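Next up: a single chain in structure tokens, the form predicted on its own.
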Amino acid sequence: MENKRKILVFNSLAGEKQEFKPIQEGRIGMYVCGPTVYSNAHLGNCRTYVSFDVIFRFLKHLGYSVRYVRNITDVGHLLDDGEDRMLKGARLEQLEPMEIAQKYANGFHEMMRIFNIQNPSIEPLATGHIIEQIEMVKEILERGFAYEKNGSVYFNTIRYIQSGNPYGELSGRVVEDLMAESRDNLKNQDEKNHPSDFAIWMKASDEHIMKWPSPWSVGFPGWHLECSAMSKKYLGEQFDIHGGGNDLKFPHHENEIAQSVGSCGHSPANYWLHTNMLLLNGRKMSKSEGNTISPEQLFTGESKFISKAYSPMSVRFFMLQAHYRSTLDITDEGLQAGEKGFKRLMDALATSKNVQPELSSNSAPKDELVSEIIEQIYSDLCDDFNAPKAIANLFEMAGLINSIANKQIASTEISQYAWEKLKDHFSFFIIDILGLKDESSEANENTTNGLMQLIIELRKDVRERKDWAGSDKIRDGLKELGIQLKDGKEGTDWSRI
């Protein structure tokens, strides 16, 4: 499917909406900063990846071949006090750093599955790309934008600015504001030529566990360098879209741009897309202030901030009701409203599948309305991926579906062709683009699986008593219901006929 639609995206680097034009016709390279796997995925992560999941789905639908790269940071991400997040997690849980990385990477992937977020095309690990990061440090040094001090290598921001490069353009910062905001190891501040300089390679102390040999020292790469090296490896020196949370604009994305210019001579991405922050009851989430809620707490209802549990799909729907560039305020009332809205769409979806109205075979008055709503949803999504506006039009489609099913719209007012078009697009936008799914059918499937395992265990008991007639009765009865049992050396499996 060749895309002929004009797409507008809000480019954070330009501070305005721009028409999206890929570098290569029909192909898109998209890099989104992934999680640092030292703890469980938080809601901010989930909101960002839900947003980019919709973007990924929609761009593919429009006919683009999309290479979506989302990394895993498993080394080098420093806290404000200079401690590596991975090492802190390992120390607190008394595990090896790679155990921490594996444990929380598994948890992250499970949370992505729960939210029905599609896998990226490539998911590189920072620790798997140390060679590429060392090579990028060499390139930056060769071009004169970095310097080595006592085995560590720092990016020279003043030299970068003096060379005519606008450091701070993405985040809107000026270098004077950056002096006190560096997130590198505070004990090494006196090594820098300027406080705004940042580490691209850090010499490791003797007790540091995660370290590698390099031309400068045994050490580890800077956090910002990881994404620069991996995006370059898989998407090239320049690619189309770079995304992430708004909190990454500075210092992470700002420093990514500087590193790419320092090594390659140009910015890595043409369009920078950023999701906005989450609030909880109108306040910024803060663990220290106790104003926080996890995805797991939303699903179980075990939080003082909510009155009940909410399903993953109702939470996903709630997230999509706010534009990805807008703040999202999590409140119990908002979640309840989101749950009702999600149910309304799912009920209309079920109605569209189960009802078969007898309609006109010729063009009818309501046909044009169906086409107009569908086209409006495309326009909404092409306008900076505006899911909330698309959802509003999906509710209009739901109203049409219910009115046709309830015969409030006469059979002469809409054609059979328009009805098929209406229900197909309604299902497609909800399931394939917004990534929502009917949880009741999933729950029924889980119940069926559980019942079948119970029946298999009961039949096993019957067979152990050598009651062959009883065993055959269970097998034949299930066969009449369209279920076949297969006995083997390792037990009994079942499948639908």
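Residue numbers here begin at 1 and follow the sequence given. Quantities reported herein were computed from a predicted structural model and do not represent experimental measurements. Only the largest set of C-alpha atoms that superpose within 1.5 Å between the two forms is called the rigid core.
Absent from the display: the form predicted in complex with the RNA. The rest refers to it.
You can rule out all but one of 319-327, 413-421, 230-238, 109-117: in the predicted bound form, only 319-327 has residues with a heavy atom within 4.5 Å of the RNA. When the RNA is considered in the predicted bound form, only one residue from 300, 371, 363, 331 comes within 4.5 Å through any heavy atom, namely 331. Put simply, of 263, 275, 71, 133 only one has a heavy atom within 4.5 Å of the RNA in the predicted bound form, and it is 275. Contact with the RNA in the predicted bound form, defined as a heavy atom within 4.5 Å, is made by none of 191, 203 and 375. Remark: residue 198 counts among the residues lining the RNA in the predicted bound form, judged by a heavy atom distance of 4.5 Å or less.
A residue is said to contact a partner when one of its heavy atoms sits within 4.5 Å of a partner heavy atom; residue 248 meets this definition for the RNA in the predicted bound form. Although the partner is absent here, residue 341 sits close enough that one of its heavy atoms falls within 4.5 Å of the RNA in the predicted bound form. Under a 4.5 angstroms non-hydrogen atom cutoff, the RNA in the predicted bound form lacks residue 128 among its neighbouring residues. Contact residues in stretch 409-438 (any heavy atom within 4.5 Å of the RNA, taken in the predicted bound form) are absent; none meets the cut-off. If you fit the rigid core between the shown form and the other one, you'll see the Cα of residue 484 move by 2 angstroms or more. When the rigid core is held fixed, the Cα atom of residue 432 travels less than 2 angstroms between the shown form and the other one. After superposition on the rigid core, the Cα atom of residue 474 is displaced by 2 Å or more between the shown form and the other one.
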